[in-house]
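Just the one chain here, the form predicted alone, laid out as structure tokens.
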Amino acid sequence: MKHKDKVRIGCGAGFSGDRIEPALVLAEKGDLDYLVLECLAERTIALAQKRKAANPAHGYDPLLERRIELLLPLLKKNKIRLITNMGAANPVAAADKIIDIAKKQGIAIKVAAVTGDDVLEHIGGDEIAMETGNPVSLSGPVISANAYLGADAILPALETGAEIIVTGRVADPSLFVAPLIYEFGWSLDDADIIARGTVTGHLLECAGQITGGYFADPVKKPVDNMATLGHPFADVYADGCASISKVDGTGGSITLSTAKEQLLYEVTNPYTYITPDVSADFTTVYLKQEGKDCIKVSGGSGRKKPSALKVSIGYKAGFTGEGEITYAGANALERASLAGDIIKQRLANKFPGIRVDYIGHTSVHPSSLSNGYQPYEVRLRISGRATTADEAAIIGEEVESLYTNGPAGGGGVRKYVNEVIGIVSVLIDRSKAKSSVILKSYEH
């Protein structure tokens, strides 16, 4: 393992559909050692499993090709190693695709695929889902089971010298912790130092959120130049302290407020933030504004990593049918309400859980919070769950029939049918998730 004094890691994506441009800016101007693209969520990987089932050569991130085509020349020119979970349900196919792109561009590259998160063979259906308290088999037909691997699964890939490491399901902070362990020679058993690395990884993992995206409220928390929002990078030191900043000239801002919001993002218990690497205590973290768009991070402590790994299980949850229609002008709300009542009377027996939303009035919050506000235009949305696609389609058809069978002035009907993939979580012994590395390379 190497031993450096400082490592600079950038985060170029915080989810599968994130913008590509900020990653390019980081790769071109960020003076990075590592670029991380965090592109995988619970439902994302279940959907990727569906694509892989339809075609064994697919199942990786839908934007992988576009991202790699644009990033590869910059990564190579600036000697940046890329770590990403864009492998989703098929890291090996993702590595093959990256090699194909490298061949077309005439760029020599070594790619490592990290596998082992797919633990479907170990799921029998009797496992108790954390969300429901019931056996997994009661949720629906299981289509996928992916364990959250940790930094230890990535370390062997780093040791191969691969310039691009593509994984499946790996805990988000672990994507950042792994290169820190590799570069600083940290011990996996040193819970405090792994916890400090996890803090930095957690602050970076959502990319644009710590630079003001999602944080912004134009009235209470304005953020400048969000159209060109930059993504963050961190200078991390061997003692686990870090400074988080962004490339000069990019939009957004990094302040104590943006950092605090991100620190607590998706954290239910700040005393015990559990990852496959450590149980981290965020209550001892210190944040300090070091300069414009620069936050110093220090502190944080940890306890031994858990013996079990969290597993996201995807299952077939039926279909949703939706229909939308707009009413505008005088008495818009009254006409939309009449239309909603008509649909409920016609479909409530067939779709017991049918939902009626008045977008612009009560689609997000209840009417008790509207202060009597009467919108000039209302978008009526009807949605319900069904066992089959044909049944789900009835909902949109009924909404469409409102054109001439409902109140006056309805327009702009849209109708949809979508298959629903449900997600529940279980815990399994970590010994059942055995990671491995498959190396691919292209030389010219």
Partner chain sequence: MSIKLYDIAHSRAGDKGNTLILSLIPYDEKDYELLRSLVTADKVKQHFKGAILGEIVRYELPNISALQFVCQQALAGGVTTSLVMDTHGKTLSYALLEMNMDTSQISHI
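Because the structure is a prediction, the values reported are computed rather than measured. Positions refer to the first chain, counted from 1.
In what follows, reference is made to the form predicted in complex with the partner chain, a form of this protein that is not presented.
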Although the partner chain is absent from this view, report whether F184 comes within 4.5 Å of it in the predicted bound form, heavy atoms only. no
Quick one: is K220 in contact with the partner chain in the predicted bound form, heavy atoms, 4.5 Å cut-off? yes
So, in the predicted bound form, is T228 in contact with the partner chain at a 4.5 angstroms heavy atom limit? no
With heavy atoms only and a cut-off of 4.5 Å, decide whether V285 touches the partner chain in the predicted bound form. yes
None of D235, D357, E163, D293 but one has a heavy atom within 4.5 Å of the partner chain in the predicted bound form; the exception is D357
Only hit among L263, V297, I343, A191 for heavy atom within 4.5 Å of the partner chain in the predicted bound form is L263
Would R381, R385 and I423 all count as contacting the partner chain in the predicted bound form, using a 4.5 Å heavy atom cut-off? yes
Options 95-103, 69-77, 311-319, 332-340; stretch whose heavy atom lies within 4.5 Å of the partner chain in the predicted bound form: 311-319
Taking the partner chain in the predicted bound form and a 4.5 Å non-hydrogen atom cutoff, the residues of 267-284 making contact are V267, T268, N269, P270, Y271, F282, T283, T284
